[in-house]
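Have a look below at one chain only, the form predicted alone, in structure tokens format.
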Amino acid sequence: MSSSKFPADFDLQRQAFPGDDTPERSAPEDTGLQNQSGANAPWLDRPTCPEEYRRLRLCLDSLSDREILEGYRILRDEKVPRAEGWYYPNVRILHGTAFEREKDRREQKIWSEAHDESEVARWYREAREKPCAWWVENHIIARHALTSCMSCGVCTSLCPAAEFFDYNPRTIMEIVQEKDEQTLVELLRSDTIWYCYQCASCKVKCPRQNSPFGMLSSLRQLSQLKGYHVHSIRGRQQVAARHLWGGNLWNRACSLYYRDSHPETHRDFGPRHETLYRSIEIAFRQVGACPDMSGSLSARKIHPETLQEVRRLWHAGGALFLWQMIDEAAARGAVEDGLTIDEYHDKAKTEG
């Protein structure tokens, strides 16, 4: 792409318009954000050693719920003028920090206490105490995922995950049909249920119209509800997923924040994505996106009223209850490992 296709005031080398920070500059010392003492906000730090993790946790624990929620709101809503409108630079800075995770845990707890428990959450609470076989027979996703499997193996033959992992959808469907409690528990404690890509190739080819990928989705929920997921590497990583996708949904009303997809962590997106990412700011403008800005187009900063409506959906659908179960399991794991919850999160995110 020739430089003539870019706006004249866009700095290709810095990937920024005049007056904008270079996108890569997101460390706390570059933000100018300060706490009451005038020092750079330590809750925006990215800890690298046990001492820094402990210092970060002490800082977060010293803040009241009101200080956490109000501090986050002030930082999130700080804005600067730009040609297209108001720009909110701190949305990116807050994303993925321990501060945002702590805010989410406290805010969602307050939200749950302020609202009546949803019908789905009540059902989940009851299901936690039931046998796994009961879940397979009664969970709506599981019930729709299996009619009468004849073990033909079509699902396994075309499964992308089966090509790269020790993973066999047909075997899983057989285990589910047998409804042996101990075997189901072992399955829920294993990495196996987390290998499915949820691509749905199995469903469209099944001669009996079963949905192995749907069954895997159901089993994952059950594993999280009962806390079995912490017994496997992929399962423990669900605490990171809960705060990545869950955090994006809760705070930005989207599952993938548009600045998440760094090429070094998304090699599977291919070389074209890496090329695009080098010019991400101008790409946003070419497609009409409004990254971290007010507006009516994609990638915009969501209006608080809209965000409240979306949050009602997560509450009604039982997502908050599931997130709470994942957080409680992570907290227990952190204590057992002698780690702070932030250290446990980062370890789970990167192990394996």
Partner chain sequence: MTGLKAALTLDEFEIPSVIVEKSGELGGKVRGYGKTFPDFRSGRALVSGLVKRVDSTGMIRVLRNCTVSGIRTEGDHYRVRLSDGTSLDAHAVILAFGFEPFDATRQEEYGYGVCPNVIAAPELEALLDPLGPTKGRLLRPSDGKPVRKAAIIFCVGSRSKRTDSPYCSRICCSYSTKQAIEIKESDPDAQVVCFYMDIRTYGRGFEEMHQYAREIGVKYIRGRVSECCALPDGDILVRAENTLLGKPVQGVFDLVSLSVGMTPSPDTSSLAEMLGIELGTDGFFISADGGLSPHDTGREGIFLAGAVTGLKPIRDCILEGTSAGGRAAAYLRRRRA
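Numbering follows the first chain given and starts at 1. Fair warning: this is a prediction, and the values are worked out from it, not measured in the lab.
We do not show the form predicted in complex with its partner chain, though everything after this point is about it.
- Among N90, S190, T156, Q108, the residue placing a heavy atom within 4.5 Å of its partner chain in the predicted bound form is T156.
- Only one of A127, C206, V136, I172 comes within 4.5 Å of its partner chain in the predicted bound form through a heavy atom, and that residue is C206.
- Look at 67-75, 98-106, 179-187, 147-155: in the predicted bound form, residues with non-hydrogen atoms within 4.5 angstroms of its partner chain sit in 147-155.
- Using a 4.5 Å cutoff between non-hydrogen atoms, E113 does not count as a contact of its partner chain in the predicted bound form.
- In the predicted bound form, no heavy atom of N251 sits within 4.5 Å of its partner chain.
- In the predicted bound form, A162 approaches its partner chain with a heavy atom inside 4.5 Å.
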